[in-house]
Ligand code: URP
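In the form predicted on its own, a lone chain appears below as structure tokens.
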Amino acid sequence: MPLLIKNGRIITATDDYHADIYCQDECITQVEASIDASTLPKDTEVIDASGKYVFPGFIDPHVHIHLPFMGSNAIDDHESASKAALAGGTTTLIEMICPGPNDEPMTAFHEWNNMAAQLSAVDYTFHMAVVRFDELARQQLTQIVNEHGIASFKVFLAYKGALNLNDADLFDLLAMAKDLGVITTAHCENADAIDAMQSKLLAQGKTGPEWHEPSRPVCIEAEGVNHLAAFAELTGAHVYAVHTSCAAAVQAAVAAQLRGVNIWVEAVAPHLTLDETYAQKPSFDGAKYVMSPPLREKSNQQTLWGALNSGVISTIGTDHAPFNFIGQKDMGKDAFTKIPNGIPSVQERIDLIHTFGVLTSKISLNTMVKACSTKAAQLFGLYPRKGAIRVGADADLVVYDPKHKHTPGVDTSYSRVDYNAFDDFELTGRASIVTVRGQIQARDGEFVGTVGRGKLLKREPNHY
């Protein structure tokens, strides 16, 4: 069905103006100051966006949906996670495929993709995690890029013995990524240092969730960024530091950027809005707030917001990793190292950034769109199909009510997690209408669309 959005204030990464948008055959076909609905097909649905913003569909560049952890698995599936994304205004997800060290990359790709293809209500693509780099893996990774359009890798400089690569493999992978034109995203810490710190703390009887942050302090994250940048400098590869949590890590990235390293930086909603005191809550409630890198001392947020405002930080994701508090997080009752990592936020991200970023004048509306949509599309080979409001782009649009006030909670979330990390926050702003390729998939925080409508987005490598 054709769709006309009238009287909205269009906000993109660079522009701010009033216009009407007409969508047909899944694409934006007209953007004009005024479009007369009487000249359009009779079955055109007309949305009055008076008093509201119209954004390009938001892109979350960092989510975990199907995520194995210590014999358990993240509690969301692609239906619940994509419904949560849509309720919050996100129309494209980039999920991390995280195989085990003995798994074949191609098998893992098909496992993740088959799950998403059946259930996703948003368009999606993947970062392919590389946790082994033998000849078979090299061949299959190349095939995944060339045949399936997965134009980004993921590496872990953490999780010793499970996900981390050694330096020889890291160097060879980045060299291959450079040749393929693939950008490599990276979890920047230091697996050996964390392992040593965790062993020391546990031996001292320091087992609660409040010790998670001291086991992987800011210096370890900054060292990880330095390490990644050095290898990118040696190989010429393009790299992207995910979920950067602290001033020291941002400063390490800036130092690398200033010497010409092709490194981009991501922040995530939890680090921008929560601090270490949440993980220090008594009675094991702090486990709800365990993620890696950890929540930091609050002063780091000033640096993160400032770096977003200046463009040093390019994107805002979530690192959505949904594990229940009862039955999953409580596996770590006797040792914080066994707490599944993750603070789910795929539904709350945009409203958090609007409330605590835009409305406090830390960033502009244009910066919010750039960081939450357009820059991810550009970096990961989706632009201008995604992340833009222009003729020919996919009709992924968000009509946003900037004045709606609400409090997140388990009862209003489509995620299947049994807690909400932001249930003491009052948020201002909510997506009123959310479309995926011209079809309305959510209204006023409620999913109204089609499960399984999402498509795998094949991407061309663009980081040679």
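The numbering used is simple: start at 1 and walk along the sequence shown. Because the structure is predicted, anything quoted here is derived from the model rather than measured.
This protein has a second form, the form predicted in complex with this ligand, left out of what is shown; the following refers to that one.
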item	value
Among 145-153, 244-252, 305-313, 288-296, the region lying within 4.5 Å of this ligand in the predicted complex by heavy atom distance	288-296
Complete contact of 123, 441 and 453 with this ligand in the predicted complex (any heavy atom, 4.5 Å)	no
This ligand: the contacting residue among 321, 353, 173, 116 in the predicted complex [heavy atom, 4.5 Å]	321
Option touching this ligand, based on a heavy atom within 4.5 Å in the predicted complex, out of 375, 187, 83, 238	187
This ligand contact at residue 69 in the predicted complex, heavy atom, 4.5 Å	yes
Distance check, residue 64 to this ligand in the predicted complex, heavy atom within 4.5 Å	yes
Close approach of residue 133 to this ligand in the predicted complex, 4.5 Å, heavy atom	no
Exercise: residue 342 in contact with this ligand in the predicted complex, heavy atom 4.5 Å	yes
